[in-house]
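The chain below stands alone, shown as C-alpha cells; this is the form predicted on its own.
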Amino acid sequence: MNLKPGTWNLKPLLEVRDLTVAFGGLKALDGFSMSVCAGEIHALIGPNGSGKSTFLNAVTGLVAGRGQIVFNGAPLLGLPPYRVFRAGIARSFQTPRLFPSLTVAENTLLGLHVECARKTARELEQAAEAQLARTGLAGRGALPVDRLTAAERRCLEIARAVAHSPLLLLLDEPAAGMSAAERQALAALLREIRASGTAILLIEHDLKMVADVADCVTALNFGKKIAEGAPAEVASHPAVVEAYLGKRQENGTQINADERR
C-alpha cells in the first residue's frame, strides 16, 4: 500500500498513551503519546537525547515505563522482549547487535527461530537466503559477519528482523554511516517492506530521507511530543526548528539545543 503523506485514516496498529520512563530523577519520556498505523512508515525524529531510543526500548520491553502501550489490540507494556517479538514486533539497534561468531546466513536464521518446529532445515535456509537477497546481501551468507561493511551489517540486522514477517518493524537510525547510494537503496527497501504488509517506525536523523519515505512524522524533544503531521509540516514547525538549530536570543546569540541541555 503506497500512502501519500497526510493520509492517516488507517487502523492504529501501535497506540501509546501517556508513556513515562524515568531514570532516577530524569524523565527520558514524559507523558509521551503517539500511534503507528498499519500500512505506513512513521518517522520519529528529534535531537540526540530527546528520548527516541528510550521509546523503542520501552515498546520492546527493554526498559520499564508507566502509561499505556497497546499493540494490535492487546496490552504490551510490561511484557518481556521475547513476548513482544512473538506478538509481531521486530527491531534494529543504533549499533547492530549481531553474533560475530556466526555467519551472515546463521545470523539471519535467528530471526526464524520461532518457525523451527514448522519448517524443515532446507525451508529455513531458503527463507534466510530470500531475506538476504531482499536486503542486498545475496551470495554473502557463508561469510563471517566481520567481512561485512558497516552498511551491510545494518542491512543484515534488518534481514534478521523481517525474516519472521513482523507486523511492525522498529528501526533505530538504520542509515547512519551510509553513503548516498546506500541510503537510496535503504529507502527502496523500506518501501518494499511496507508494501509487503509490515508497518515501520523509523528513527532517523537524515531529514531528507525522512521526507522521502515517511507518511507521517512525530517530533520528540526532552521526552515530549512537539509536533506531528506530514514531513514538510513537521520539518518547518517552529518548535522542531528550535530543537535542532537552537533559539536565537535578542542580542543575536544562538543557543544550541545541546547547550541548553
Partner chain sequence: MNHQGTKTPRLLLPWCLGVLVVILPFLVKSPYSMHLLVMAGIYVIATLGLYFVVGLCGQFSLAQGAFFALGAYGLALLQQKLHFPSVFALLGGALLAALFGLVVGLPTLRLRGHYLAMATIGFGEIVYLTLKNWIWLTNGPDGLNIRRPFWPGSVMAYDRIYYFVVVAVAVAAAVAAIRVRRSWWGRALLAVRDNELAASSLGVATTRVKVYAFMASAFLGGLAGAMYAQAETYISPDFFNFDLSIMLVVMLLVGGRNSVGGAVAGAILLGFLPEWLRFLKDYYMLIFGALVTMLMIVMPNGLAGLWKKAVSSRQ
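Owing to the predicted nature of the structure, the values given are computational and were not obtained by experimental measurement. Residue numbers count along the first chain shown, from 1.
Below: the form predicted together with its partner chain, not depicted.
For the three marked residues, Phe32, Arg66 and Leu76, no heavy atom of any sits within 4.5 Å of its partner chain in the predicted bound form. Here the chain stands by itself, but in the predicted bound form one stretch of 132-140, 67-75, 106-114, 187-195, 106-114, has heavy atoms within 4.5 Å of its partner chain.
With a 4.5 Å cutoff on heavy atoms, Arg154 does not count as touching its partner chain in the predicted bound form; it lies far away. In the predicted bound form, its partner chain sits within 4.5 Å of a heavy atom of Arg86.
Though the partner is left out of this view, Ala150 does not reach within 4.5 Å of its partner chain in the predicted bound form, counting heavy atoms only.
Using a 4.5 angstroms threshold between heavy atoms, Pro144 stays clear of its partner chain in the predicted bound form. Contacts between stretch 28-42 and its partner chain, counted in the predicted bound form as any heavy atom lying within 4.5 Å, involve no residue at all.
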